[in-house]
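Taking the form predicted on its own, here's one chain by itself in structure tokens.
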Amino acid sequence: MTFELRPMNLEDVQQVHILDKICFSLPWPKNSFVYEVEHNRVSRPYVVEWKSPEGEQRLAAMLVCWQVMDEVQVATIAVHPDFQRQGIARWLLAYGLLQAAKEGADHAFLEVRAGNHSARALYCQFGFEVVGERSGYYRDTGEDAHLMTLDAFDLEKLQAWSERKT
């Protein structure tokens, strides 16, 4: 089986929305992904597609980043449960940040649920650090969000992690 990382397109939106609903208790509306693909000029949406030797295809992961000048916000990232713990999130995030660096970005930020320890561990691998808290940020549970920033990209690490061999 192989994985292909590529820009998200309109044909992906239905599967991306389904993935978002599987992974998150507060999924984005489907039309938000349409907007990201078609209209948001600062959006950098990507997907990872799984392909079997028999020709079966499934959406394995997605990432949406917003780039404004030299700054990137990681808006959302998700990996289907069937494909978790295979390094796909690290690959996808490294690729997205590396592409942003090629467009002039040199730092990033994101919000993450305080209790999402696996996501926080992933971000820490990249050098993100918790710099603040948004109390009661998630309206479904009232859980706090941690604001994490990455002050400088490690381009060698991003390059190595973005060259996943499938």
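From 1 onward, residues are counted along the sequence shown. The structure displayed is predicted, hence computed values, not measured ones.
Below: the form predicted together with a small molecule, not depicted.
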inquiry  = Asn9, Ile18 and Glu49 - do all three of these have some heavy atom no more than 4.5 Å from the small molecule in the model of the complex?
reply    = no
ask   = Using 4.5 Å between non-hydrogen atoms, is Gln125 touching the small molecule in the model of the complex?
value = yes
request  = Find out whether any non-hydrogen atom of Asn116 is located within 4.5 angstroms of the small molecule in the model of the complex, and reply yes or no.
outcome  = yes
message = If we define contact as a non-hydrogen atom of the residue within 4.5 angstroms of the partner, is Val112 a contact of the small molecule in the model of the complex?
response = yes
ask   = Any chance Ala94 has a heavy atom within 4.5 Å of the small molecule in the model of the complex?
value = no
message = To test your reading of this chain, name the stretch in 41-49, 63-71, 22-30, 99-107 whose heavy atoms come within 4.5 Å of the small molecule in the model of the complex.
response = 22-30
